[in-house]
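Below you will find one chain, with nothing else, as structure tokens; this is the form predicted alone, and questions on how it binds or moves follow later.
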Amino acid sequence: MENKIGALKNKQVYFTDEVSELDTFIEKNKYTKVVVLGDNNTIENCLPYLNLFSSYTANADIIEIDAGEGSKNIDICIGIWNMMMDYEMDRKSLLLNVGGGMVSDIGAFAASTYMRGIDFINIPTSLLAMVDASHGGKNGIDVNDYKNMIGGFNNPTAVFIFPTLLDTLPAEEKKYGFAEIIKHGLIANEKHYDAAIAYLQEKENSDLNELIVDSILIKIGIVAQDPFDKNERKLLNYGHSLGHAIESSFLALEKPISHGLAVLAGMIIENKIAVALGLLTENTATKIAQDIQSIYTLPKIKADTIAPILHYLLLDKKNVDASIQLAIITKIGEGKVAQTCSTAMAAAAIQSYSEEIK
């Protein structure tokens, strides 16, 4: 485990319970100002813990936004920029993004565009953000319920993961965050997938910290091969094309659902498509669906929401020339990118899911 943590540190990812390491990092870089961005949940529940051990967070100016995906839009971003100006942040200032995936996405976008770019550090507070959203350099905002339509690539100066912060999460929220750990196993490492499922089914006393570290190593290993999402990195989109379409359709109905649950549903539907394409066995698709359903209560898709999901899917930014492009798995631990799927095939898979998950 120490070697794995050391490998992360070499990539400027600090997995530690020593918050003082954050202050050491900030001191070394001699920033002129430190500002914390968080949502109302993380400012209330996570920042006080950091403040016990960090003089920089304790004395930082604070930008607080409302929790939830509804805050990841241009209007909120303009508000963040205005507060950054009010706090007189210059190009040697630092933005600390303290929160889950929404905060790291919009915070990284705001920092990357303010004065043509200032340093930012991600301090993920959710399991999903610890293993996925805070790494890889993607940033962005939503537009009219379309997920991550505006954004770019810019790596954080560092990522600090304090596993103690997971204690601030409701049990269900932590459980939803496992969606990305499951995804990493399905696309890259069967043993990692099996360990995650066993942990969630309470069949063995797996080490959560090791699962987190292994998951991060899988993600940053894939990103290193393809930083700008041209080829191999697209594997990380597995479950997300359908997942984002489901998430967007629920958001449009003002019935937001967890990103993790949407992705889990997306993986099951995309596995159905992979079976129809002849790239995945039905037995494997069924096993994965049964594993997931033994742990999660998945979102129900009614017949009248299939068309809106297809609408969002067809406008997915990963599509090429109006053709649906998916990353799919061919077996547990392996996958393929840029697999073309017809609209009829996607509709049939969504329909099949809606009939099974009632």
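Quick note: we count residues from 1 along the sequence shown, nothing fancier. Owing to the predicted nature of the structure, the values given are computational and were not obtained by experimental measurement.
Not on display, but discussed next: the form predicted together with a small molecule.
Can you say which of 266-274, 188-196, 284-292, 127-135 gets within 4.5 Å of the small molecule in the model of the complex, counting heavy atoms only? Contact criterion met by 127-135 only.
Applying a 4.5 Å heavy atom distance criterion, does K234 contact the small molecule in the model of the complex? No, K234 is distant from the partner.
Can you work out whether C46 and the small molecule are in contact in the model of the complex, taking contact to mean some heavy atom pair no more than 4.5 Å apart? Yes.
In the model of the complex, does P156 have a heavy atom within 4.5 Å of the small molecule? No, P156 sits far enough from the small molecule in the model of the complex that none of its heavy atoms falls within 4.5 Å.
May I ask you to state whether N41 is within 4.5 Å of the small molecule in the model of the complex, using heavy atom distances? Yes, N41 is a contact residue.
Report the residue, out of L314, I62, L298, A67, that has at least one non-hydrogen atom within 4.5 angstroms of the small molecule in the model of the complex. When the small molecule is considered in the model of the complex, the option within 4.5 Å is A67.
Select from the listed residues I218, L280, L165, M84 the one whose heavy atoms reach within 4.5 Å of the small molecule in the model of the complex. Among I218, L280, L165, M84, a heavy atom within 4.5 Å of the small molecule in the model of the complex occurs only for L165.
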